[in-house]
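In the block that follows, a single chain appears as structure tokens, in the form predicted on its own.
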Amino acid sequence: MSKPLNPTHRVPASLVSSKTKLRMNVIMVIVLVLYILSSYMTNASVLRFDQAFFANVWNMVVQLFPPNWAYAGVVWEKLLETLKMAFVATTIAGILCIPFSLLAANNIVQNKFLYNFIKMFLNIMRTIPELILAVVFVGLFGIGVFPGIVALIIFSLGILAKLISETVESIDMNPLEAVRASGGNTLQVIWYAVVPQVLPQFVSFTLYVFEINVRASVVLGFVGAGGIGLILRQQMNFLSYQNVSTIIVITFVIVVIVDYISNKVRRGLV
């Protein structure tokens, strides 16, 4: 007859230790206190959704509809400009990220100082929001499309280089060793052993960043960086809500179409 697994016949009260429970309870209390304090100091409460709020929502809806479709010609022109901004910025960032991605991969670069320096540089680039970059470049170059493109290039470069470098670090090293053993130099190792392994992910991540840039370029127009956001802000300042409605509807449809096509292509690649 087999012996019982628990000779004391005691059923454990919980799989989580009392120390862990205490730590979790303390964290929950701290989060709750911070939430209440933050809500009180910022006057951010669910009580703000009162009768006056819903009356304002109804008034806004009444002013937004119906959209002024006669204004669609202006919207299409600026929306095309927005797509061009995203396309140019993503293309340049995709090219520039290649050397940064290789230098930020620890299985490619053996120099620890260079590796850490590039990693730190890319981290700094990612910490600056694209809206702040656009404000800075609008101040340097003036209102227009170019400041928005430069801001999107820097913003995209930080994201793409991080994603691609992590992909390079996870590749199979056997093809690299085989090319080196046959006398290949560094460029040949990268071309014949690294590129074939990361190319599908590279295209997928670039399309993903293009989606982000389309949405980001709409916002950049609010600070004068060109595109659809520029006329959206103008029409809001003029209180032309039916024109605003036209901009929102057309922009929403185009962004959804871009996201759908990009998702289909990325799923086919990876």
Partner chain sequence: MNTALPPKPQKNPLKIIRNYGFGLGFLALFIWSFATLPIPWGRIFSQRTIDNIDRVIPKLLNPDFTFAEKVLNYMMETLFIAFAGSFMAAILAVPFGFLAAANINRNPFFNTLGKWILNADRTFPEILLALIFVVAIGPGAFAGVLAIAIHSIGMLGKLYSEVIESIDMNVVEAMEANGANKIQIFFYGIMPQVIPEFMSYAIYRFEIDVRASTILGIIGAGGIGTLLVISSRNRNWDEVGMILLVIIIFVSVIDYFSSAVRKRIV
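Residue numbers count along the first chain shown, from 1. Under this definition, the rigid core comprises the largest set of C-alpha atoms superposing within 1.5 Å between the forms. Please read these numbers as outputs of a predicted model, since none were measured by experiment.
Not pictured, yet referred to below: the form predicted together with its partner chain.
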item	value
Options 171-179, 131-139, 106-114, 67-75; stretch whose heavy atom lies within 4.5 Å of its partner chain in the predicted bound form	131-139
Close approach of Leu187 to its partner chain in the predicted bound form, 4.5 Å, heavy atom	no
Touches its partner chain in the predicted bound form: Val145 (any heavy atom, 4.5 Å)	yes
Non-hydrogen atom contact Val223 with its partner chain in the predicted bound form at 4.5 angstroms	yes
Contact label in the predicted bound form: Lys84 to its partner chain, heavy atom within 4.5 Å	yes
Output flag, Thr91, Met236 and Val256 jointly within 4.5 Å of its partner chain in the predicted bound form, heavy atom basis	yes
Contacts with its partner chain in the predicted bound form - residues in 98-128 whose heavy atoms fall within 4.5 Å	Ile124, Arg126, Thr127, Ile128
Rigid core superposition, Met24 Cα moves 2 angstroms or more between this form and the one not shown	yes
